[in-house]
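Shown next as structure tokens: one chain only, the form predicted alone.
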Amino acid sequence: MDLKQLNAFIAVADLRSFSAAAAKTGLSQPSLSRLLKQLETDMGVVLIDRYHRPLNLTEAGSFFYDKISTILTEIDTVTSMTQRLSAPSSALNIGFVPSVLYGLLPEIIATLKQFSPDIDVNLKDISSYQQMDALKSGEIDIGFGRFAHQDPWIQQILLRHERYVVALPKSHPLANVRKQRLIDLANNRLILYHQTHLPVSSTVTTEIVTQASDELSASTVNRATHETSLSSEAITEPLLHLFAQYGISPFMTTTVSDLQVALGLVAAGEGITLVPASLQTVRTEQISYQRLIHENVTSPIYLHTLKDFVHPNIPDLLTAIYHVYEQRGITYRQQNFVSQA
């Protein structure tokens, strides 16, 4: 069994076609077939059902595919990391989610360049979820995201929590209410825009229910305690989960592709949404942004990088981040990445 055989098998399993797999791998069809036959002979197992179209994996083949594809991904990751460790790039490739760009990221990059004038920075717009694969492949060296991830190859630190604000059309009856409550927003169409969903814990914290008792009516709190314990575990859409913490279900929702589209619909009077406070400078002629009274309704900002390879310029980036936070009076707990290489 060798890597050529395994990669040939993965290509056929993915594409369910010998001709397509041959084109993808750059092999001739006879060579591809020979590699697969040798793999099956070595294992003493039939992996591919060749007598039906499209091709199907046997039960053993499906099991082998699930296990071996993970191993091959790890091999690719280790290879990429080894190459970067031996010859680190002089450039720092930074991934970011769009909402971070509207916040302090431009100021942080400017500060970084002041501290390290010779540094070369490349920025890439990439979702929190996609950043995991981009880190492993070497496409980026570090990522600013909004979600915690459990990945054995990745380490992350929490930079800070950013309060959500409600975005309402200027013509909305609540547009000039300075302190908003989620319960008062429930009868509106809520526009959802997150492409990454939350890993949700199975229980509601006492803190949330206690805070709800201070903000909502007794009947609402009873419903919050009951409904959240039953249903919020399954609610992984971030904005819906925030409402579910208080036992609230919005009257109607619309899902769009990204945050800019969501704000466009708000501006057009098609609904409301919640956005991190750094977004409240967008479309201000059409949208009213108001604070929420709920202190726990926040959007975290995480930094992600590889566990086994920390780019040499990342400590400088952290220094720039914390300098900006101090200048802005933002509360934070200083942390550092640890290289395990």
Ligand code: BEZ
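Numbering starts at 1 and follows the sequence shown. Keep in mind that what you see is a predicted model, and the values were worked out from it rather than measured.
The same protein has a further form, the form predicted together with benzoic acid (BEZ), not shown here; the description that follows concerns it.
Chemist: Can you say which of 96 to 104, 239 to 247, 117 to 125, 171 to 179 gets within 4.5 Å of benzoic acid (BEZ) in the predicted bound form, counting heavy atoms only?
Modeler: Residues of 96 to 104 come within 4.5 Å of the partner.
Chemist: Taking benzoic acid (BEZ) in the predicted bound form, would 165, 186 and 274 all count as contacting it (heavy atom within 4.5 Å)?
Modeler: No, the whole trio is out of contact, none within 4.5 Å by any heavy atom.
Chemist: Give a yes or no for residue 113: in the predicted bound form, does one of its heavy atoms lie within 4.5 Å of a heavy atom belonging to benzoic acid (BEZ)?
Modeler: No, residue 113 sits far enough from benzoic acid (BEZ) in the predicted bound form that none of its heavy atoms falls within 4.5 Å.
Chemist: So, residue 159 and benzoic acid (BEZ): in the predicted bound form, are they within 4.5 Å at any heavy atom pair?
Modeler: Close contact exists here: in the predicted bound form, residue 159 approaches benzoic acid (BEZ) to within 4.5 Å, heavy atoms only.
Chemist: State yes or no: in the predicted bound form, is some non-hydrogen atom of residue 301 no more than 4.5 angstroms from a non-hydrogen atom of benzoic acid (BEZ)?
Modeler: Residue 301: yes, in contact with benzoic acid (BEZ) in the predicted bound form.
Chemist: Given that benzoic acid (BEZ) is not shown alongside this chain, does residue 263 nevertheless sit within 4.5 Å of it in the predicted bound form, heavy atom to heavy atom?
Modeler: Residue 263: no, not in contact with benzoic acid (BEZ) in the predicted bound form.
Chemist: Identify which of 108, 190, 259, 81 has a heavy atom within 4.5 Å of benzoic acid (BEZ) in the predicted bound form; exactly one of them does.
Modeler: Looking at 108, 190, 259, 81 one by one, just 108 meets the 4.5 Å heavy-atom criterion.
Chemist: Where, within 125 to 155, is there a heavy atom within 4.5 Å of benzoic acid (BEZ) in the predicted bound form? Residue list please.
Modeler: Result: 144 alone.
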